[in-house]
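What follows is a single chain, given as structure tokens, in the form predicted alone.
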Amino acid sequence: MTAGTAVLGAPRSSSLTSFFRVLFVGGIIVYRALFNWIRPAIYIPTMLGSPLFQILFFANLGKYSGVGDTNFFVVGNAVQVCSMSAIYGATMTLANERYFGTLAQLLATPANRAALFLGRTLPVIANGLLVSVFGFIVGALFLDFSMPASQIPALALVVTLTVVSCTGFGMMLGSIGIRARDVFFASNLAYFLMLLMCGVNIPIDSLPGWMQAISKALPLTHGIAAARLLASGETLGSVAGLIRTELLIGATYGFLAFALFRYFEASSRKYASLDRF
């Protein structure tokens, strides 16, 4: 079954039952259809091996450079590695439809467009959370990362919201991939620029002014800052402003992503552009 035919049977009814069927069942089927690397033998080195070595490398480099303590690097990288799913995965959930030649069939279905769009984000978010949790476990097992146990629920909430925010950014890139010739270069560039600019391994106030301005408009930046404060013992209320900003940034990118998706769908009917490479 291809990703494009996965939702061909979606009913025309706009009922909540139909909406949630497309949202959850369709989203899972599409995710499995678009990604042929979900087998354990490929998933483990791809989605877990890379974060493992990233966290170990930067934590040990930071330890000897004196830039920050172990917690600074573990929290920053454990949150940031969610973008492997949120950026790459979210981009591919839309761009791969075009690459595999199933986009036209997908957009020919009468299924609710919001359900189609949002359904692609749920597996991406779940995968991003899994990778981030793995990152924190790596820090606890290998790098003496520690935090008050009472802070874990608040930290889990902040990480979840940050993954959602970052997924909105990835979906925007994916929407551009519906029309762009090669969006995967942009997703790679975005991933590494966020690693540089979002305060993952370098304090934001150490960056040049223009980079600080860009970092404040990117997902991850405020979420990582909130997670670090919580790990150090701050209360959830004290980071509420950072959380709101992170959510606002994610919602903005998510809204822009859906608007682009609908725009390219509408324009394709006039110019037959979706099958051009």
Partner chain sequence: MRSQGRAEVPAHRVILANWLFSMKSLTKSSFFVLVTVLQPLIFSTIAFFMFKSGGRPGSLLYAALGAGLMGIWSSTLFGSGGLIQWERFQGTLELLIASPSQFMWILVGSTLATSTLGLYSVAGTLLWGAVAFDIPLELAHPALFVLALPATVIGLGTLGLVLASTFVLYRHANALSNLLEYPVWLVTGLLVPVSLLPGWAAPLGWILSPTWGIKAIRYSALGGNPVPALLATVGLSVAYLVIGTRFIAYFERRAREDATLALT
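Numbering follows the first chain given and starts at 1. The structure presented is a predicted model; accordingly, all values stated were derived computationally and were not measured.
The same protein also exists as the form predicted together with its partner chain; that form is not shown, yet it is the one meant from here on.
Of the candidate stretches 54 to 62, 218 to 226, 27 to 35, 232 to 240, only 54 to 62 has residues with heavy atoms within 4.5 Å of its partner chain in the predicted bound form. At the 4.5 Å threshold, heavy atoms of residue 248 stay clear of its partner chain in the predicted bound form, well away from it. Taking non-hydrogen atoms only, residue 169 never approaches its partner chain to within 4.5 angstroms in the predicted bound form. By the criterion of a heavy atom within 4.5 Å, residue 137 is excluded from the residues contacting its partner chain in the predicted bound form.
By the criterion of a heavy atom within 4.5 Å, residue 39 is counted among the residues contacting its partner chain in the predicted bound form.
A single residue from the set 201, 85, 112, 121 has any heavy atom within 4.5 angstroms of its partner chain in the predicted bound form; that residue is 201. Checking 196, 108, 141, 152 against its partner chain in the predicted bound form, a heavy atom within 4.5 Å turns up for just one residue: 196. Although its partner chain is not shown here, in the predicted bound form the stretch 182 to 197 places heavy atoms of 182, 185, 188, 189, 192, 193, 195, 196 within 4.5 Å of it, in sequence order.
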